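Here we start with a single chain on its own, the form predicted alone, put down as structure tokens.
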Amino acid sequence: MTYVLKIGGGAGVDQHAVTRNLAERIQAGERWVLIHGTSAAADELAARMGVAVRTITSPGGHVSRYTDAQMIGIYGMAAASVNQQLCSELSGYGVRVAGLTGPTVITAQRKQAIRAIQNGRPVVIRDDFSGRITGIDRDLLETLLDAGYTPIIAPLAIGEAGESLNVDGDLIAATAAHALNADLLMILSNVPGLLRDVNDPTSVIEHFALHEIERYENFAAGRMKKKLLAAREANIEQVILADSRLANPIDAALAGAGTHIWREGQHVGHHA
């Protein structure tokens, strides 16, 4: 069995709790692919370098990082740093790891024209280095897993012109899960799951079937919309959106914490 884990890169994510619990499960014989985010590390590095972090707001209200030529360099350095930290932590627990910080594992098509709203007016942005994922090197991942290594993938892709591109970590995880026909995709972040009320952390929607996902996208906020999109794109048996800030976050999620999204409706006991 193969499992895919995405650990968020935002502020407040408990990376140490995740790596400790992940190491225990790998040492027990499980096969995991780890994808990580970079947003907080990139913001911190940009601040140290005196570079302003800018965002793009889509006409639909989605906010994303504005990754111009300077920022993609900063983003790449931050991604490599986070990847090395994760490799070091897991190696310290005795896990054999393969840090994949270069963008060649993931291919993407650069977004040539991004429609956005700036100062209340529609604009088209053409100098952004972000991309839409077009593929992943499944053979490499399977080779590493078969050899007993845990791949750790940074959120960078290579474009058609050989340029580095910023791509969404949740969607990388979904692409990996789909390509490997994984048994599970787990996304751990700094929230307890999909909430009925974003201001009430106890209002977690416990589970629903994949075909019902549109019902929940209507009130999902911010990054949670991307996580639901990732659940749809993975199209595997089970996706879990859960909290990294627990003592054993992977164990807790597998025991029922967070939001569980099943492909087959018969797994769902009740709906929100």
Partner chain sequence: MSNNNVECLECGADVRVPGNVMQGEILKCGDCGIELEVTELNPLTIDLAPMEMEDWGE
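Positions refer to the first chain, counted from 1. Here the structure is a predicted model, which means the values were calculated and not measured.
One more form of this protein should be noted, the form predicted together with the partner chain, which is absent from this view; the next part is about it.
Contact with the partner chain in the predicted complex, judged by any heavy atom within 4.5 Å, is made by just one of Gly94, Pro122, Gly135, Pro201: Pro122. The stretch that touches the partner chain in the predicted complex, counting heavy atoms within 4.5 Å, is 58-66, out of 22-30, 201-209, 58-66, 231-239.
By the criterion of a heavy atom within 4.5 Å, Lys226 is counted among the residues contacting the partner chain in the predicted complex.
The closest heavy atom approach of Gln118 to the partner chain in the predicted complex falls within 4.5 Å. Remark: Arg126 counts among the residues lining the partner chain in the predicted complex, judged by a heavy atom distance of 4.5 Å or less. In the predicted complex, the partner chain sits beyond 4.5 Å of every heavy atom of Ala179.
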